[in-house]
Each structure stands twice: as structure tokens, then as C-alpha cells.
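Below, in C-alpha cells: the form predicted on its own, a single chain.
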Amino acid sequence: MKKSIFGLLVILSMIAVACGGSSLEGEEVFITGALVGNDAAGFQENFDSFTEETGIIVSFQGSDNFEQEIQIQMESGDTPDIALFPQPGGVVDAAQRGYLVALEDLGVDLDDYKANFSEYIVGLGTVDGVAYGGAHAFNLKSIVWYQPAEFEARGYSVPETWDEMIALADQIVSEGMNPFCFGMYSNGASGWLATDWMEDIMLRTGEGTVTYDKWVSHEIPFNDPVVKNAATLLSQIMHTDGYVVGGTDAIVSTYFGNAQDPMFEKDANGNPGCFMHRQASFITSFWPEAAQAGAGTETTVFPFPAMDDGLPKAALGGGDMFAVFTEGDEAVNAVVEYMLSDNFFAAAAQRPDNSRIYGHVQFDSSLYSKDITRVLADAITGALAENAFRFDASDLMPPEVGAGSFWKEMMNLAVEGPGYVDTALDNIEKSWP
């Protein structure tokens, strides 16, 4: 905690200089966002020590309808001082429409910002070379859930490479069990889970993040050989006999939130329904209540396996980003500086109900209340430090593709089988605007 206190003192000294020694006691800064419930409470709690030291009152208001409400507020001119957008795309849209204040105009040192969160993250909130978005919390998708006791009882080793994972899957099938849970029904968003698999494979093949970025921006077509390779490997998981509990019918009909349930159930021989489930860090909130208590112990994760030793350890995920509407306000500038500091998230991290992960690479992960959160946080910040963390590709692609043809054709691929790979990719490529 000494480091956190020191960091806050540094920020306060900077505020004092900026203010010419004057006090900001009683100044108010208003923030809105999509966080609700425990997440909103943790976010607000992060400002308690800041308010105590500076006198600046920070008020956060979260809403389930934030994305609609912020649009109305921007158009009417009745905006908050700061908004916390669920995705960087909201920042980019607001900046392109001329509503936001550049971070440099708020006193942010962009070199420090890039060093602390990665050049890639800063770029996600940049328009025409000007940075508008402030990084905040992230989630991790590049993980596979498993139960150590079940592995140990059977002599299974945690796979570190794709080939090792396939060999383990083949062994599990030979022993009469299913290696994978896999369900991707999600109402109108069905198919996104398969796009996540594709994205993890793309990050670990070709030229890694270089290829991935070209794929996202359409500098390579959707039916490029490297993309076809990723779809073929995904099909291997989907369509190899015995790999998925329930088979391909279960893949397209099982709600993603219930896909891992078989792992927590035992058959007559005491075997779980599956042994591995590739899913993001947020899935624990969908588990049966009894299973949630064992998150990080009875059920924990290993990193999505490496596929090329020459590439850095990459991580796929998502996250939110804040942006500023109010210019020339010293209290707002001070809040922004604090929100990008290495100790900003300390209060939320220590809450027992926190599952969010702060993206500052120097944040002390030992502050997180749960073991599993510390494991996930270290994976995220490690990838950020290597500039190898990437956002969900489908979220960054044009909606017609990322939330349209990509989802749809992954569902079709699951149903039709390996022979549909070329057709799926050709159809997605044709849909690119």
C-alpha cells in the first residue's frame, strides 16, 4: 500500500501545481456509465481516498440504458463531465462527432499513458492521431476452465500448446468421455463464442498480432489462407467425434451461460460431463451457486494454448474506456489524472464482490480479493506489457460483419461441418461493406 499512497501524493502535488496552490475543496465532477450494482459501487468507492485528500466530490451514476442515454445527452448538450463507455467504439463515435476533449488538452502525458496501458489500447481511443479515450478495466477471454482435481485423478497434464490440448482431448475420448463443453446459443447474438475461438487462434498463428490487426481492418480478406487455417482448427474442435459433450447439436442449441454446467455434474462412474471449457472470465457469474464458491480453486483456468513458439503470449479480451466532455475544469483534469494512475483501482480490487481487472501494467495484483482475479489480472497486464493484448475482433469490425455475417456463418459452420469452411469465409468476405 505504500506504493499506492506515494502515487496518490504525487498526483496531489501535481494538482497543487496546476491549481497554483489553490484548493479544489467542494468542486464536483459527474461521471456516468453502464456499470450497475456491485461494479458501480466499486467504481464509486475508488474515489473515496481521492475525495478525502483533494476535497473534489466525484459522483458516479450507472444505468442499464447508458448507451441510449448518452446519445440523447450528447445531442441535447446536457452531457456529464466524464462518461465510461462499455467499449472503445463509443469513444471513437463521440470523438468523430466532435463532442470530446483530447487527453493532451487535459494534461495527460501520452508517452506515460502508452507505457502504462500499451500503445494498442491508447490507439483504440484515438481519432485522426488524437487520443480521446482513457483506459479502465478489462476482461480476459484467452483462458480455458478446468478442474485440477479431475486432471490429477487421471494423470492429465495441463496443455501448454495446441498440439498438447488436442492430444489430451484424444486421450479423453479414448477413455469414453468428452473433453470439451461448447455452447454458443445467445438469442440474437448466437455465434459469438465461435468468433472468440477464431480470434484466439488468429492471435497465435501467422504473424500474431500483426496478422490479427490486418484481419480486423480488412487489410487481408476474410477468406485469406491464415483465416481459413483458423476456421479449420475451430472446426476440428467442433466436429471431431466425441470432442464436445452433446455433439454439434449441443453447440448450436445450448445457451452459452449453461454450456459449462456438465463440468459440475458427475455420471454414474464419477466422471464430469466435460474437462475443458474455453470461455471468458465473466462466465463464473453464470455458474451454479455451489460452483461459484470454488472459482479459482476447485475450478480454475489455464491460458489458451500457444501455437507458435516465435510469438509472444497474447491475450484476447474486452474492456471499457472513459472520455471527457468538459474542458478547462481543473477538478475534471485532476480526476482524469487519478483515473489513469497505478493506484486508482485499489478500493474496488479489495472488494469481495469484485471481478473486474484494472489495466494499468503497474497495478499491484496482490490487492485483488480473489486468487482467480489475480491470475487473470497477471495474464492481462503481462500481455499489455508486451503490447500483445487485443480486443475482440468482432466488436471492432463493421456491425454488418462482426455482429452479423461472422456470427451467422459460425453457426452455419457448426451445423454444416468441415466442408463448409470455404463457403462460410466467402460469405463473410462478401458481406464486408
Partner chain sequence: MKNKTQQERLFNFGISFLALGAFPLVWFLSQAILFRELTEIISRNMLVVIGLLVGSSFVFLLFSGMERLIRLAPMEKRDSLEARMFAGPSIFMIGLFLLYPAIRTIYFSFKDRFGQSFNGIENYSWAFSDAEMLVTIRNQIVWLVFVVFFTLFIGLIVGWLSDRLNKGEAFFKSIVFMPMAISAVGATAIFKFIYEYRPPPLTQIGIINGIRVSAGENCSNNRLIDGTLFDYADDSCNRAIGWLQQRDLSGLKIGESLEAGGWFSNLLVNFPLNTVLLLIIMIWAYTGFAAVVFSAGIKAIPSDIMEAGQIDGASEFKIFVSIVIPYIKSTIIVVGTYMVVTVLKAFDIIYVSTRGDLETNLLAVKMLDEFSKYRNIGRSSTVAVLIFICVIPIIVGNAFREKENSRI
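All values derive from a computational prediction rather than experimental measurement. Numbering follows the first chain given and starts at 1. We call the rigid core whatever largest set of C-alpha positions still superposes within 1.5 Å between the two forms.
In what follows, reference is made to the form predicted in complex with the partner chain, a form of this protein that is not presented.
**Student:** All three of E119, F389 and K430 touching the partner chain in the model of the complex at 4.5 Å, heavy atom to heavy atom?
**Tutor:** Checking in the model of the complex: none of E119, F389 and K430 is within 4.5 Å of the partner chain.
**Student:** Have a look at 45-53, 366-374, 381-389, 403-411 and name the one stretch with heavy atoms inside 4.5 Å of the partner chain in the model of the complex.
**Tutor:** Within 4.5 Å of the partner lies stretch 403-411.
**Student:** Let me know the one among V252, L168, V101, V361 whose heavy atoms come within 4.5 Å of the partner chain in the model of the complex, would you?
**Tutor:** Among V252, L168, V101, V361, a heavy atom within 4.5 Å of the partner chain in the model of the complex occurs only for V252.
**Student:** Identify, from the list Q147, N139, T126, S190, the residue with a heavy atom within 4.5 Å of the partner chain in the model of the complex.
**Tutor:** Contact check passes for S190.
**Student:** Would you please decide whether T297 lies within 4.5 angstroms of the partner chain in the model of the complex, comparing each non-hydrogen atom pair?
**Tutor:** Taking the distances in the model of the complex, the answer for T297 is no, it never comes within 4.5 Å of the partner chain.
**Student:** Do A290 and the partner chain come within 4.5 Å of each other in the model of the complex, heavy atoms counted?
**Tutor:** Because no heavy atom of A290 falls inside 4.5 Å of the partner chain in the model of the complex, the answer is no.
**Student:** Consider I72 of the chain shown here, and say whether it contacts the partner chain in the model of the complex, taking contact as heavy atoms within 4.5 Å.
**Tutor:** Yes, I72 is a contact residue.
**Student:** How about Y185: is it within 4.5 Å of the partner chain in the model of the complex, going by heavy atoms?
**Tutor:** Result yes; Y185 sits at the interface with the partner chain in the model of the complex.
**Student:** With both forms fit on the core, is the shift of the CA atom of D81 between this form and the one not shown 2 Å or larger?
**Tutor:** Yes, D81 moves 2 Å or more.
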